[in-house]
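Presented as structure tokens, the chain that follows is alone, the form predicted on its own.
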């Protein structure tokens, strides 16, 4: 599989891309492409969206057979619109993502996933096959299980390099293939180096944090990442519960919507659910503190932060909020605050 399908969101199911005979290529928002997105989008817009568009405008991408966009927020919708101008020859499909979680929204998303699958098979002139989809889901679930085992190891002890290694595995699944990522994951389950002490255990979450070198920096700054929840980490490798429904696409919709939600998604029956899930993940991973990395101008995340902070305060879990573009370039500016935070936590 060397024909690539580009995508930008963790709600894009990689098994559907691979079942249709394509390779996935998640477009990460980091490159040396010049800043040109302002010609098509407002300057005060999500840096993730703008940098992805910069890459398209600078031809800083491999050849793509098509692009999958998820209407997860207004900025992503604007990116889909701008793509028509930046890459007019690229086939595009835009999926709508429900903002709430209920039976009707799951029905809707399942139909969107079915539409995506049929479109991808059509783009590759392949006959539609639910059996191929099920086979790819089975491999994806093996990867998800391996990732979960590695996260379990991370939560119990500090092993130098394991966090960056896990990110390399997830990035491989996002930009190459599930098969390669699975081999890497199965080889990584047993840590290469012995456990060490002296690091402050921290749970990290937010929009996206995708560069493995960032996690090596955290270790230099006395931080042991016990677990993470970004759309580029564990949330991306969502295990699909094939027993959730007889319809494979509804099973997929249920699995993706029941994970820790993106900040723009809300369970209307439990409005503060995102805060409780963050508290739960922090406790399960044995973290002594929590750090959120948010993108500038991301209103959905900024709106959720107060309830998350309050929920953590009730549990006496220290909390640090950092804002930037979540790339290596901006991370150095956060060093002093991170080191002060980890020192305050103690060991």
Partner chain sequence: MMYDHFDNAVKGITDKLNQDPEGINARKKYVLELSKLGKKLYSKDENIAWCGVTAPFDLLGSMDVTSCFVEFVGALLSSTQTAGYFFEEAEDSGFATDSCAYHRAVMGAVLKNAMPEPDFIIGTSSPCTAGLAILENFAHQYKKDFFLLNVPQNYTQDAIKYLSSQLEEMVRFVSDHTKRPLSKQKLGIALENFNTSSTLLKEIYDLTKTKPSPVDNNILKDFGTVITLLMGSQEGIDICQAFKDELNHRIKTRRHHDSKEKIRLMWIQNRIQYPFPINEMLEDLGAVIVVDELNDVTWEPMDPDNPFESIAKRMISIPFSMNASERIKHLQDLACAYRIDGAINPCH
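Residue numbers count along the first chain shown, from 1. Every value quoted in this text rests on a predicted model; they were computed, and no experiment measured them.
Same protein, other form: the form predicted in complex with the partner chain, not shown, and the subject of what follows.
At the 4.5 Å threshold, heavy atoms of residue 152 stay clear of the partner chain in the model of the complex, well away from it. Put simply, residue 156 is far from the partner chain in the model of the complex: not one heavy atom of it is within 4.5 Å.
Among heavy atoms of residue 310, some come within 4.5 Å of the partner chain in the model of the complex.
The partner chain in the model of the complex comes within 4.5 Å of no heavy atom belonging to residue 284. Of the candidate stretches 93-101, 131-139, 167-175, 182-190, only 93-101 has residues with heavy atoms within 4.5 Å of the partner chain in the model of the complex. Checking 148, 213, 115, 122 for any heavy atom within 4.5 Å of the partner chain in the model of the complex turns up a single hit: 115. Out of the listed residues 47, 66, 300, 318, 300 is the one that sits within 4.5 Å of the partner chain in the model of the complex by at least one heavy atom. With respect to the partner chain in the model of the complex, the three residues 42, 77 and 108 uniformly fall within 4.5 angstroms at the level of their nearest heavy atom. Residues of 68-88 that come within 4.5 Å of the partner chain in the model of the complex, judged by any heavy atom, are 71, 72, 73, 74, 77, 78, 81 in sequence order.
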